[in-house]
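Next up, structure tokens for two forms of one chain, structure 1 and then structure 2.
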Structure 1
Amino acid sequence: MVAIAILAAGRGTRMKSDLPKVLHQLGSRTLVQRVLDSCQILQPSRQFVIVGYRSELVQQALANPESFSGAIEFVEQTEQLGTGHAVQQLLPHLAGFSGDVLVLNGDVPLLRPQTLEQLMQIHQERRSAATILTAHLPNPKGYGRVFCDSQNQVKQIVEDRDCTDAQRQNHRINAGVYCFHWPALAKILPNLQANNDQQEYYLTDVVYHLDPVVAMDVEDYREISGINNRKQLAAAYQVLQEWVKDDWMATGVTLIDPDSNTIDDTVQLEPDVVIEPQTHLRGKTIIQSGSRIGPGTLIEDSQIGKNVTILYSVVSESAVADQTRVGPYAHVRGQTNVGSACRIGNFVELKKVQVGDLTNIAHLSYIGDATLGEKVNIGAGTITANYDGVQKHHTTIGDRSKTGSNSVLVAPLTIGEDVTIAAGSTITEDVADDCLAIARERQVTKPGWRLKFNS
């Protein structure tokens, strides 16, 4: 059995924010959610988040754990008196627990699931009382050094200020991630002392009272990067982006200019997708093979079919089917579903629209709260007037119907199949199948008339 404990009680004053540090976003997820997600590979039997500063916000943020394997238990740390004090709060909650406890920090969001899986495997194979994650830093100044024997058994942890010149040549540092055999740790926790300048209870102190303690080096030291300020948050995002984009290019995705793109690690891409420069993919977006996205495009929480082209446009919370062309400068949003082989063109906005296959909305139109059939053609400047000042109303347009330029369709409205709306019409009444609808004033021309100016 494995229990997870995430330390998430601190404010993070260097973030210069009223928001708890662990709730700041890294990509599409908060720091603490990323840490929780990384643990799910272990299938933990218990999951604890130790909260303190504005704990209600942390609990609200984790109230609907879609990606977590079980319930989250919140433990209050009313005073932040160090890492040892935080783990002491678990004593009444884990009374009688005989398994292992993995202790993580809510502000260390880049740990990969496979790293934690390897840490747990080594811990169990070695039957350690404690296993700690370590890293070799290029510049370990300021970090405590970890000294091990040839079997990676920890012999000593020395703070940077206490190291000799020879000891400072050791670049192995403590990453602050621990796996403990809980019965052994539970015996020691009540006896921790705050005999230090900060008058805090340090979890590292338990290492001297447990045997054996084993170290495992992380493969990429950047995984253990902590977030204490906005600059470090930005640096972590750059690391994350490097990993994500390298992984996608290795699977057959073309990134024309990777440095100009951002891709959330929740996005799914198929081989032979091409991502043009200045394109950003966010949330739970899925893009299927053969599609070409960008340049200058934002897609968020949307599903894009095969062989779709989207140019200089925004697509959010919507779906675009195979072989459709979108843009330039289109905005598709609000749970819109665009069928296959459609054309959504220049300066077109769609909101909460169902668009049938082979339908064209080529330019300069707003279509909202509507259902369009197949092979519909929307003329330039057509809009659905869907809002009466109080409520939104629906417009339905049947198969093969056409609107002329500068048509206004005043909802609620039903346009039948094979209907033609004359250019410049304002349609306020339903139109049956196979009709021509004209709703405009007859043109009046007055010869010899001109404006008269005072001389």
Structure 2
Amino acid sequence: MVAIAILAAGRGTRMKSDLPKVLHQLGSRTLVQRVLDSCQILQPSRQFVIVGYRSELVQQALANPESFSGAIEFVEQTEQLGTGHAVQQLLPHLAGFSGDVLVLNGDVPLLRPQTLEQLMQIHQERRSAATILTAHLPNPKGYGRVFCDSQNQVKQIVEDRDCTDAQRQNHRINAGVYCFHWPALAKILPNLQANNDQQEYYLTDVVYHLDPVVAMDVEDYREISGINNRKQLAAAYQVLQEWVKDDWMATGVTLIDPDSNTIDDTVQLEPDVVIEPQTHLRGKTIIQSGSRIGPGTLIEDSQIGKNVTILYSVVSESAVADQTRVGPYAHVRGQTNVGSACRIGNFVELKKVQVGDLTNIAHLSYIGDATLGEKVNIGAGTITANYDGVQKHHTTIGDRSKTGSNSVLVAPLTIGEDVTIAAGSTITEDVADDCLAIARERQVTKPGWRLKFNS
């Protein structure tokens, strides 16, 4: 039986932020969400999050049940007196618990689930009182240093600020991830002292009271990067990006200039997708094979079909079906669904629109709150006037209908099938199937009329 406890009560002073540190975003997830997600592989029987600074915000942020299996128990640490003090808060909640507790700092967002599995395995095989995740860092500044005996048993952990110069030469650091046999830890937790530079109760001091305490090194030290300031947050993002891009390239995605792309680790790509330079893929975006995205494109929480091309455009919370061409300079948003083999063109904005297959909206249009059939042709400069100042209204256009250039379609409006709207019309009344609608002043041409100047 494994319980997990994530320490997330600190403010994170070094972030210089009102937001609790663990709520800063790394890609599309917060730091604490990432830590929580990485533990799910262990199927914990209980999940604690220790909260304190602006705890209501942390609780709210984790209330979204999408990504974790069980319920979270929030434990308040009203005063943040250190990581040891944070874990002491679990004592009443875990009274009588006889299993292991995995304790994780809430600011270690790049942990791989496999590493946690390995940590648990070593812990259980050795029947240790505690197993501590460690790493050898080229630049260990700011981390607690771990000192072991020849049996790899931890004898001491000294915070960077409490280290002597000689101790600072040790590059083996504490990752802030520990597995404890709870009954052993519970017994000695009350004995912690706050006699250190910060006058805090350090969780790391439990190594003086537990036996044996075993250290386990991670292979890739980058995965235990702790986030204490904005620079480390940016560095962690770089690491994450490198992993994500390497993975996609290995599965057959082409990134023409990977350094100029950002791809959230929540994005799904199929083989033979090509990502052009300066393109950013975010959230729950899925792109199917053969599609070519970019250059200069942002796609967020959207589904892109096969063999789609999207050029210099923004697509958010929308779907684009197979073979469709989007851009340059299109903005597709608000639950828009574009059918297959469509052409969504230059300087076109679509909001909450259903677009049938083989429909073209190729130039200079705003179409909002509308349903368009198949093989519709929206002429250049066509606008749906969907908002009367109070409410949004719907426009429906049937199959094979055409709007002339510079048409204004004043919603609510229904245009039937095979309709033609004359160029420059302002349409305020419904148009039945097969009609031509013209709604503009007739042209007046006066023959022989010419400005006559007095000279």
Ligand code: UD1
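A quick note: this is a predicted structure, and the numbers were derived from the prediction, not measured. Please note that residue numbering is based on structure 1, beginning with 1 at the start of its sequence. Think of the rigid core as the biggest set of C-alphas that the two forms share within 1.5 Å after superposition.
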**Message:** I want to make sure I have the labels right. Is the form predicted together with this ligand structure 1, or is it structure 2?
**Reply:** 2
**Message:** Once the core is superposed between the two structures, does C163 show a C-alpha displacement of at least 2 Å?
**Reply:** yes
**Request:** Verify the C-alpha shift of P140 between the two structures: is it 2 Å or more after superposing the core?
**Result:** yes
**Asked** Taking the rigid core as the frame of reference, how far in Å is the Cα of P447 displaced between the two structures?
**Response** 4.3
